[in-house]
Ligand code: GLC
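Before any questions on binding or motion, here is one chain by itself as structure tokens, the form predicted alone.
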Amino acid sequence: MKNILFISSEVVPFIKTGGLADVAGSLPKCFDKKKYDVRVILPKYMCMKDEWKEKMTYLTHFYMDLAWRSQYVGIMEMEYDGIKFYFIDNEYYFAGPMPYGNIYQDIEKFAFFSKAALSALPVIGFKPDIVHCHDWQTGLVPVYLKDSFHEGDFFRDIKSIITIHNLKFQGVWDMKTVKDITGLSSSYFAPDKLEAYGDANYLKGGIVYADAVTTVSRTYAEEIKTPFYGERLDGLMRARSNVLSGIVNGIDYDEYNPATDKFIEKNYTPRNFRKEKVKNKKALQKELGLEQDERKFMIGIVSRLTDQKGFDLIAYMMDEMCQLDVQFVVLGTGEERYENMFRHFAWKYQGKVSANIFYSEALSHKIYASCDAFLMPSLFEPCGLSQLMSLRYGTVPIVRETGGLKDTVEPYNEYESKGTGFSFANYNAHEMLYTVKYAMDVFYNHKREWNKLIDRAMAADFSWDASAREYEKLYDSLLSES
């Protein structure tokens, strides 16, 4: 039996701000229970819902030195979905209305969390073979494993992996403060270790000291070795390329299942979507006040409205796209200029454009189930989950070939009748428009081909089980080296 410990700053269903929580919460239950004992440790935030806090049981507490201060570390535990979760309790650090706040407070909070997570292990009597860390918030874990914890027998052979969910966020603060908080010696703050461009960088520390580095798609693992995607760490990513790999995220196939989804008007399966899927479209057109016509090409967008997601391309072409025989349904919040842009087009093209500038779980499911196509022209996309959801619901993705989008959407090939979606290579508004028009042409004029696209999309497997098999291979290879 191999012991694996996930250390993460957010975990579904307890606390979530982004895709990281889905990975840390959904992946552990998909491992082969006969071979792997996977447990998860996370902070006990005050802002967690009471229903979760009430189910936790107190395990123990101790005091830990963080640099020159002695800090309380409480440990709570709970079993959920067959997985054991541990929660690090400290009201000074984990109070507040959100898991993250000001970076200068987060820098100290997650230094405490990283050290407390490791310090708790001998106390709870769980010795992992591998600690699997996620993003900059746990970047100090591999550093501490090689530093103060290395002397003790308990920690000596523990291997570490760090997964980068988005390289943009690195946990950067000034060196003097980080030295003071972490208690690490000055030798760690050199350019080949934690120092980057004059500051201390938590994620860099994790990448330098971890035994393996992963990210959330194969293409993104290649992209981050280049200056454009590398967020000023591309040199380090090239240096660590021998231990760098990409494993694509999954989605929860029980939660996102058109056959059982409670949010949608009419359930359907790969066998009956030709008759049943369109009933969702008609219901959504009615609900949102769009022109009710089941033959209209309907494009969905569910996203944070930011530059990263390609909204400058959409803004540039939106007027022109609205001249076509299409409808747009948009759901999301983000940068004000994009929120206002969609509000403007919803006013200008009533019956054609529906702008829903908020977030709603129910409406997102309805969009995945109702639309014909799903537009996602990202500038960069480490993995992306929306395209996986749209494939699952037989809503054909139109994406830019970057990161996880390139790895998960196979471009349509009319000559060989292959592919699960449409894609374009260059970050260019005209290329995006051309691809949208190409998809429309297939939808309107080659209906049998369009339905075969949907068949292939719904047959693709991006469940967490597929990701778990890849991680099992990585764990096994790492442990066979030692």
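For every residue, the number given is its place in the sequence shown, counted from 1. Computed from a predicted model, the values in this text were never measured in an experiment.
Keep in mind that the form predicted in complex with the named molecule is missing from the display, and what follows is about it.
- With the partner omitted here, the stretch from 159 to 167, 407 to 415, 146 to 154, 121 to 129 that lies within 4.5 Å of the named molecule by heavy atoms in the predicted complex is 159 to 167.
- The closest non-hydrogen atom of residue 15 lies beyond 4.5 Å of the named molecule in the predicted complex.
- The named molecule in the predicted complex is not approached by residue 267, whose heavy atoms all lie more than 4.5 angstroms from it.
- The named molecule in the predicted complex comes within 4.5 Å of a heavy atom belonging to residue 304.
- Not displayed here, the named molecule is approached by residue 385 to within 4.5 Å at the level of heavy atoms in the predicted complex.
- When you look in the predicted complex, the only residue of 177, 105, 245, 308 with a non-hydrogen atom within 4.5 Å of the named molecule is 308.
- Checked against the named molecule in the predicted complex, the residues 249, 354, 390, 138 give one hit for a heavy atom within 4.5 Å, which is 249.
- Of all the residues from 214 to 243, the single one having a non-hydrogen atom no more than 4.5 Å from the named molecule in the predicted complex is 216.
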